Ligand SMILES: Cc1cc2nc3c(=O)[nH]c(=O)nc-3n(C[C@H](O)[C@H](O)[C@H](O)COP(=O)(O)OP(=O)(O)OC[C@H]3O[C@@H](n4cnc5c(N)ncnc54)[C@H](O)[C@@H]3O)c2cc1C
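One chain is shown next in structure tokens, namely the form predicted alone.
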Amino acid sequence: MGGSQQLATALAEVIEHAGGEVVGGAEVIRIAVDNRTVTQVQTKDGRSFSAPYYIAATHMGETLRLIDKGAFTPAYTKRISNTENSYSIFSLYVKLKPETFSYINHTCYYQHDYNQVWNLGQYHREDWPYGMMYMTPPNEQQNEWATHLIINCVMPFSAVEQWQDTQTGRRGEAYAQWKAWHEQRIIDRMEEVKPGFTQCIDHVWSASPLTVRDYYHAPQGAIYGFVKDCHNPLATQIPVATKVSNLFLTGQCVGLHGICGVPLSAITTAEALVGKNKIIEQLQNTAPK
């Protein structure tokens, strides 16, 4: 497959080449802790995995849900539970008709209302979306034409809160109509970018903040972990090492978020195990001169 799947496949190959194993489709239901030490991770299918060290890349709220009570102090748990989550997204996946939409080899951004550039996380139905990001992920044999398009629009969880107790595929007709309305709004915005875009569409699928929440187990469908406050950075700072002796953290909630921040946080986490600057030095030594 092309697109971002290539990264996941390459990472799995590196792990397996080093003697590791990638276990997919195994939902974790418990992180067992004894005397502030993780003893095993249990999965929904009845298996358990034990190791000297454990790294949690899930949203910190999800980690707290899975780990045994008492693993962290009440003060730490309360602080994490009360930390505000970042916004979510409403996402459109568009299958395109052959040779109708040109392939674009970069991410595109469109701002419908520049006065709202700092308010994208707000939701007012009749004005939504203020802006969007869209891209045409490549195929292995990519030519001048795109085969599909992904469009992401910022959306807070409050927009879907009335369906928060429902499950995928069982959210009811009102939700289906709500999704269809928002799908059309995004298509209308794309018409502003590319007149005639509707004629390029073969089929459309969509995902709401509820989809993000249920698929990634991210509280409120947060796509960037916790909200960071530049005026009080310590309030949302979460160290990679925890009070549970062999449990380490990485991911969107640790350090910086996003496609640049998360890999940097991953290096910090790894260096907590192998030694400070060990990985950075190796990267510098192997980088092209």
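All of these numbers come straight from a predicted model, not from anything done at the bench. In this text, residue numbers run from 1 along the sequence as written.
Although it is not shown, the form predicted together with the ligand is what the next lines describe.
- When contacts are judged by a 4.5 Å heavy atom cut-off, A26 counts as touching the ligand in the predicted bound form.
- Although the partner is absent here, V262 lies within 4.5 Å of the ligand in the predicted bound form, judged by heavy atoms.
- Taking the partner from the other structure, the ligand in the predicted bound form has a heavy atom within 4.5 Å of a heavy atom of G258.
- The ligand is not drawn, but in the predicted bound form it has no heavy atom within 4.5 Å of G61.
- Exactly one listed residue, out of M190, I89, M132, C200, brings a non-hydrogen atom to within 4.5 Å of the ligand in the predicted bound form: I89.
- Listed residues W205, W118, Y215, W181 were compared with the ligand in the predicted bound form; Y215 is the one with a heavy atom within 4.5 Å.
- Taken together, the three residues Y54, P219 and L249 lack any non-hydrogen atom within 4.5 angstroms of the ligand in the predicted bound form.
- Proximity to the ligand in the predicted bound form, taken as heavy atoms within 4.5 Å, picks out 220-228 from the listed stretches 220-228, 45-53, 240-248, 32-40.
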